[in-house]
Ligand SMILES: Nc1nc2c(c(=O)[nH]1)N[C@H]1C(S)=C(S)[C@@H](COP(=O)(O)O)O[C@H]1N2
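Starting off, we have a lone chain in the form predicted on its own, written out as structure tokens.
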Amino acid sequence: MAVGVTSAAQASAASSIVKPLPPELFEVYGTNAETRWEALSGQGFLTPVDRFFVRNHTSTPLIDASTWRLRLFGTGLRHGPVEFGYRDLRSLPSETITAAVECAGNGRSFYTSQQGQQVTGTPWKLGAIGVARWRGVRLSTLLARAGLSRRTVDVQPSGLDADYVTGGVNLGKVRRPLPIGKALEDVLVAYEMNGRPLPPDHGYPARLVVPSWIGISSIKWLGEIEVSDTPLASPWNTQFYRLVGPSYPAEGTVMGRQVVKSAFELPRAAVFRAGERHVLHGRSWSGNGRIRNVDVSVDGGERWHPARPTSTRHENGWLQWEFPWRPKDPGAYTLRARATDFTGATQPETTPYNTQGYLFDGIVAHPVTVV
């Protein structure tokens, strides 16, 4: 059983999130906070911690690292349960990776605003993503030290935040199984973010970082990992985080990787002056890997022009880009950005509907005004 955990609500009755949420940086939805894209303008490749989005199911827990333990247990271990403390974790060989964490519902609101389809869940626009430099220990290292069985098929990490209750039903700790192949490939048990210990809202003292996969896989405030020689399940891969809709099987499709997206570093309804040269900035990313190219349209998709990359093409991050624009006449304009990754996956005009609004990858219309 985890020790040293208190509720953030006890520390601050005003919010379930610990860090400040100034309105110029975030749009807040209950326990969640979405980064405003204009707040990333000029901020460099990594997302500053003070601008990194927050996805909480309950409240951010405040955890004492000196009493924190990570327990590994289950039929997939040869010698029984094993525990690691915070000092144990930091004494093991470390690795640093740069990777995005993105909510599976990022872009959800566009199912309704662009496609006229009603979906459930937090109405994220495109700001439920952040890219950080994470330092920690490979999950494969911990599993090896714990005595991983060759028969293991799944691992299931769970968090130390409060049990999640919805519709009067207690679903327990937030948890979701990972296939052992992914767990051993590139998953990190992280204790640092952008060169400093994890902040409370982002998983202190330790969290999972699962590159390229939907954010629910990157469990925060890690407390336990079940290691199993039989398939595991939880509400977060049976009730939630499945694609259900007319294009999918009746039982739905379990999600893993993220999809291709692009965003302008601009507020919605930004204003530009006619006849002046402007440089539009944006970022594109994909769960499949590096972005190959980005095209921009300033006339609602009638004509497309290549954007110029301004950062390296990163495997698990995003590509930054720019596009010069000199609008001649005042009026309403619609900007659009369309990315293609190295697998050939390109953002479509529309995304197949699913009831919970996951994995929106359509080209987003960004309205602006020229005066």
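Predicted model, so just to flag it, every value in this text is computed and none were measured. Residue numbers run from 1 along the displayed sequence.
Here the subject shifts to the form predicted in complex with this ligand, a form of this protein not shown in this document.
*Asks:* Are any of the heavy atoms in E224 no more than 4.5 Å from a heavy atom of this ligand in the predicted complex?
*Replies:* Although this ligand is absent here, E224 would stay clear of it in the predicted complex, with no heavy atoms inside 4.5 Å.
*Asks:* Should R336 be classed as touching this ligand in the predicted complex when contacts are defined as heavy atoms within 4.5 Å?
*Replies:* Contact check for R336: no, nothing within 4.5 Å of this ligand in the predicted complex.
*Asks:* Taking this ligand as it sits in the predicted complex, is P211 near enough to touch it, meaning that at least one heavy atom pair lies within 4.5 angstroms?
*Replies:* No - in the predicted complex, heavy atoms of P211 and this ligand never come within 4.5 Å of each other.
*Asks:* Is G159 near this ligand? Define near as a heavy atom within 4.5 Å, in the predicted complex.
*Replies:* Contact with this ligand, yes.
*Asks:* Looking at F264, F110, Y241, Y204, which is the one with a non-hydrogen atom within 4.5 Å of this ligand in the predicted complex?
*Replies:* Partner contact (heavy atom, 4.5 Å) among the options: Y241.
*Asks:* Using heavy atoms only and a 4.5 Å cut-off, determine which of W37, W318, F52, F26 is in contact with this ligand in the predicted complex.
*Replies:* Residue within 4.5 Å of the partner: F52.
*Asks:* Where does this ligand sit in the predicted complex: which of 38-46, 55-63, 304-312, 327-335, heavy atoms within 4.5 Å?
*Replies:* That would be stretch 55-63.
*Asks:* With this ligand taken in the predicted complex, which residues across 211-244 come within 4.5 angstroms through any non-hydrogen atom?
*Replies:* If the 4.5 Å heavy-atom criterion is applied to this ligand in the predicted complex, 211-244 yields G215, I216, S218, I219, K220, W221, Y241.
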